[in-house]
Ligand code: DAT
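Below you'll find only one chain, the form predicted on its own, shown as structure tokens.
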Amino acid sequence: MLLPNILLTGTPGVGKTTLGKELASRSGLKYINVGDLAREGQLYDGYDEEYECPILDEDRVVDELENQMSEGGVIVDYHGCDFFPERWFHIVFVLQADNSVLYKRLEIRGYNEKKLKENIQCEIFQVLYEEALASYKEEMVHQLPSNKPEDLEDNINQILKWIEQWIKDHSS
């Protein structure tokens, strides 16, 4: 049976991982957190002193994921999306959170002031939504609110319905 590939993207702290894991457990799709994948496989290309984090080796990440993506049925979670091949995904969800909510979440993670400010600005200017629109067909890209537990439940139900419909439409 054919299964769709889904991309969850958005500023760090918007709730991609929570949504992705819950969605995977309810849909049977496979969940891949690109940050974890990179850590496990050391898929890095140096270290960013300013942001105190390793630099992702995008080409190696793409090579690492290629086979699984061509099989289908994968939920990918990452805050960037412009380096993934467009053909990989059937739908893209950009999660968004209010600044006050996002600020608290990132503060709890221990982000330094610079990193906090830049991520909040990233959210204000909808940088990742714009990136998604520039990288994928507009009709594939959907924004989802991610502020409170009810949003999570609504988003899961909405995406499960979409998966169900996609499978119906693609089964011969």
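None of these values were measured; they are calculated from a predicted model. Don't overthink the numbering: it's just position in the shown sequence, from 1.
Keep in mind the form predicted in complex with this ligand is missing from the figure; the text below concerns it.
Asks: Against this ligand in the predicted bound form, would His142 count as a contact residue? Criterion: heavy atoms within 4.5 Å.
Replies: The answer is no: His142 has no heavy atom within 4.5 Å of this ligand.
Asks: Check Gln126 for me: does it contact this ligand in the predicted bound form (non-hydrogen atoms, 4.5 angstroms)?
Replies: No, no contact at 4.5 Å.
Asks: May I ask you to state whether Leu152 is within 4.5 Å of this ligand in the predicted bound form, using heavy atom distances?
Replies: It does: once this ligand is placed as it appears in the predicted bound form, Leu152 has a heavy atom within 4.5 Å of it.
Asks: So, in the predicted bound form, is Arg60 in contact with this ligand at a 4.5 angstroms heavy atom limit?
Replies: Contact check for Arg60: no, nothing within 4.5 Å of this ligand in the predicted bound form.
Asks: Give me the residue from Ser27, Ser135, Gln68, Asn147 that has a heavy atom within 4.5 Å of this ligand in the predicted bound form.
Replies: Looking at the other structure, the residue within range turns out to be Asn147.
Asks: Just one stretch in 37-45, 117-125, 102-110, 60-68 has heavy atoms within 4.5 Å of this ligand in the predicted bound form, so which one is it?
Replies: Answer to the contact question: 102-110.
Asks: Need the contact residues for 10-44: heavy atom within 4.5 Å of this ligand in the predicted bound form, sequence order, or none if there are none.
Replies: Result: Thr11, Pro12, Gly13, Val14, Gly15, Lys16, Thr17, Thr18.
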